[in-house]
Ligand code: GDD
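One chain is shown next in structure tokens, namely the form predicted on its own.
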């Protein structure tokens, strides 16, 4: 058995203005918040106890997720009142579960802005069989320069953590899902600002601890920008022209395509065209509008004959997303 921690406290500045009212882990991918997709992955791997490590707009999580019983998961909430870095946030969240788990029960940590369909069960099993301090999900990318890279030896043991460079020595990168031995987290000083990537992991290697790599090139997406968020939603909608939530009304003359996601209680008027877009709950799109690659904020009314492409629509504003 394993327990989980989801790091959902980031500001999401690269996703602005989408994150002005909504924390990035609560932004919708195919009509479900990113965090919900991650909880479903955790549940499928047998994880039934999860701590959400919150900070920015923390109050938005509880009304939606509650105690987690709807998903068959026991949810706890840890509030980060000041930035603690990834390591500090993990330690702060772990305070709610460390007393309840055994010394060898794995703690799985998810970054809140990653969509992944990798085999988490296999990652946990590898972690246990390798007796590792930490096991990292790694993915192979064509160009590692924007990420930094993580080399490993013939046994799959990580040998270094390298910052962004012009000529990466490998194209495997940190994919943002870690399985920890609880002791590693216990050894982080509570309340200390610390980064697992820049401090904890290198220190573990220096001390001779095993950091195991788990390379799985299944679907993976860093949804840190509006462009990638739109792509992620389209990927999860899949081969459908669109999906639509509950109590939404779409005019017979409207055309919706490009794997668009239409939320709940949406009204779409006559001769409207929606292409490859995310339309949030409570939106009204007035007659004759054409929207392509747009994100329409909740409860927004789109005026008659509005034309927008690659934009964020809210409160009467149309903001170019520079896609």
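Numbering follows the first chain given and starts at 1. Just so you know, these numbers come straight off a predicted model, no measurement behind them.
Unshown form predicted in complex with the named molecule; subsequent notes refer to it.
Trainee: Using a 4.5 Å heavy atom cut-off, which stretch among 210-218, 126-134, 68-76, 163-171 contacts the named molecule in the model of the complex?
Mentor: Contact criterion met by 163-171 only.
Trainee: Flag residue 156 as yes or no: does it have a non-hydrogen atom within 4.5 angstroms of any non-hydrogen atom of the named molecule in the model of the complex?
Mentor: The answer is no: residue 156 has no heavy atom within 4.5 Å of the named molecule.
Trainee: Would residue 83 show up as a contact with the named molecule in the model of the complex if we use heavy atoms at 4.5 Å?
Mentor: Result yes; residue 83 sits at the interface with the named molecule in the model of the complex.
Trainee: Answer for residue 111 alone: is it within 4.5 Å of the named molecule in the model of the complex, judged on heavy atom distances?
Mentor: Contact check for residue 111: yes, within 4.5 Å of the named molecule in the model of the complex.
Trainee: Using a 4.5 Å heavy atom cut-off, state whether residue 200 contacts the named molecule in the model of the complex.
Mentor: Contact with the named molecule, no.
Trainee: Which one of 304, 309, 14, 21 is close to the named molecule in the model of the complex, taking close to mean a heavy atom within 4.5 Å?
Mentor: The residue in contact is 14.
Trainee: Just one of 180, 152, 147, 236 has a heavy atom within 4.5 Å of the named molecule in the model of the complex. Which one?
Mentor: Spelling it out, the residue with a heavy atom inside the cut-off is 147.
Trainee: If the criterion is a non-hydrogen atom within 4.5 angstroms, does every one of 4, 97 and 187 touch the named molecule in the model of the complex?
Mentor: Zero of three within 4.5 Å in the model of the complex.
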